[in-house]
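As a starting point, one isolated chain is supplied in C-alpha cells, in the form predicted on its own.
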C-alpha cells in the first residue's frame, strides 16, 4: 500500500518569502508590483495580482528622509543593474531621499609591486559606476514599496519553525504556532538559511583564514568619488566613500590581528590605520564605528526543490573583495520573479520543479563563475614568489592599458552585461 502526501486546499498565498531583507524584499516587490504585466495562478484569476507574504523576524530601525543618523557599518556597493531594478520596483526614490553616495571611479593596485588599474565611468560615457548605500536604507525603501501594495502581507516578528511540501503547495508553521500556506516557499533567510536546511539542500563551504574589519571614519579629505582597493601580503585594504567627509574602510587580515585591532582604543586604532593604509586614504580624524566578521564562500548544490527556491545568501556567499554579494542576490530575486511571472502567464503552477529548474539554470552558472573569479582574485594576491608578483603586477598594468578589456570589465562590474532579468536592463 502506498501513502500519498495529502493535498493542500487552495493556498492563502501564491508565494511565501522567508526573510524580508534586501533580497527578500526585492523579490516580493518584483512579484507584486506592476514592473511587468503581472498575472496570477489559475484560469479564474488572470487579472489578479500575485498574493505574496513575507516573513521577517525583525524590521530595521526607522530612518526618516532628510535626517542625519550615524552611518551603519553594513553598506553595499550597488551596481547600475541593482539601481535599475530598484527604480523599476519603485524603491530608488526612497533610497535617494534618505542617503546614497555616488562613485565614479574605481582603482585596484598591488601594494607589493607597481601594478595598477584605474576605472572611470567617463571612459564608457556613463554618469557613474554605482552607489554606496547602507543596507538598512535599501531594506527600508523596499519595505515602503511593500507597504503600498495591497497584495503583499508582511508578517513581523515572525520566524519559520517548519514546513511541509505537499502535492499542490507548501504548509508553513511559524514559531507562533500559526500556519500559512502557499504554492511556493522562497528562502531569502541568509547564509544559515533554515529553509535550505529543512529542504535538505546541501551547501559546499570554504572558510578563509582572513577576517574583515569594517570601520566608518571621518576623513580630512573632501568628498571622494572613488572606491579603491590595495592588496598587501596580509590582505586587502579598501575604501568606500560615504556622504560628506566620511568613508567606510575594510581591512582584511588574520583573525588574531583583526581581534587585536578591534580591541584598540580610538587613538591607538587611528595610529594603526594611518601607518598601514595608503596615502590615498588621507588623514583620518575620527572613528565613528567598527566591527569585524569572518569570511567564507559557499554554494548550495541546488537552488530549488519541490515548491522551494533559494535566493541570495541562502543560495551562495562570495568573498566580499569586489562587493558583489548584494548585487548578485538582487539579480537572483529579479530572475526568479521573472520566471514566476512567465510561468503563471501561461497558466502554469510556479511551485513545480519543472518551472523552478529554469531559474536554477539561469542563475547557477553565473553565480558559480563569480564565486570562482573572486576566489581566484583572493588566491592571486596571497603572498607569492617574486616571479608571480611580477606577473600579477604586469597583468594589472596590461589591463589598464587595454581599453576594450578594461571597458568590458567595467560594464560587467556595473551589471550591464550578460543575461540580465528584464527589470535590470
Ligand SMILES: Cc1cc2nc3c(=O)[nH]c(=O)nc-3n(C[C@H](O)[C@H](O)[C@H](O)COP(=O)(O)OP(=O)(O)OC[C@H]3O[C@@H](n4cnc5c(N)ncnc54)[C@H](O)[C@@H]3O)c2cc1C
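Being a predicted model, the structure only gives us computed values, none of them experimental. Residue numbers count along the first chain shown, from 1.
This next part talks about the form predicted in complex with the named molecule, which is not shown.
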Please run the contact check for residue 293 against the named molecule in the predicted complex: heavy atoms, 4.5 angstroms, yes or no?
yes
Going by a heavy atom distance of 4.5 Å, is residue 415 a contact of the named molecule in the predicted complex?
no
Just to confirm, residue 324 within 4.5 Å of the named molecule in the predicted complex by heavy atoms?
yes
Given that the partner is absent here, does residue 320 sit within 4.5 Å of the named molecule in the predicted complex, heavy atoms only?
yes
Contact residue in the predicted complex, from 235, 312, 130, 169 (heavy atom within 4.5 Å of the named molecule)
312
With the named molecule left out of view, which of 120, 135, 254, 218 would have a heavy atom within 4.5 Å of it in the predicted complex?
135
Which of 112-120, 276-284, 201-209, 187-195 lines the interface with the named molecule in the predicted complex (heavy atom within 4.5 Å)
187-195
Is any part of 51-66 within 4.5 angstroms of the named molecule in the predicted complex by a non-hydrogen atom, and which residues would that be?
55, 56, 57, 58
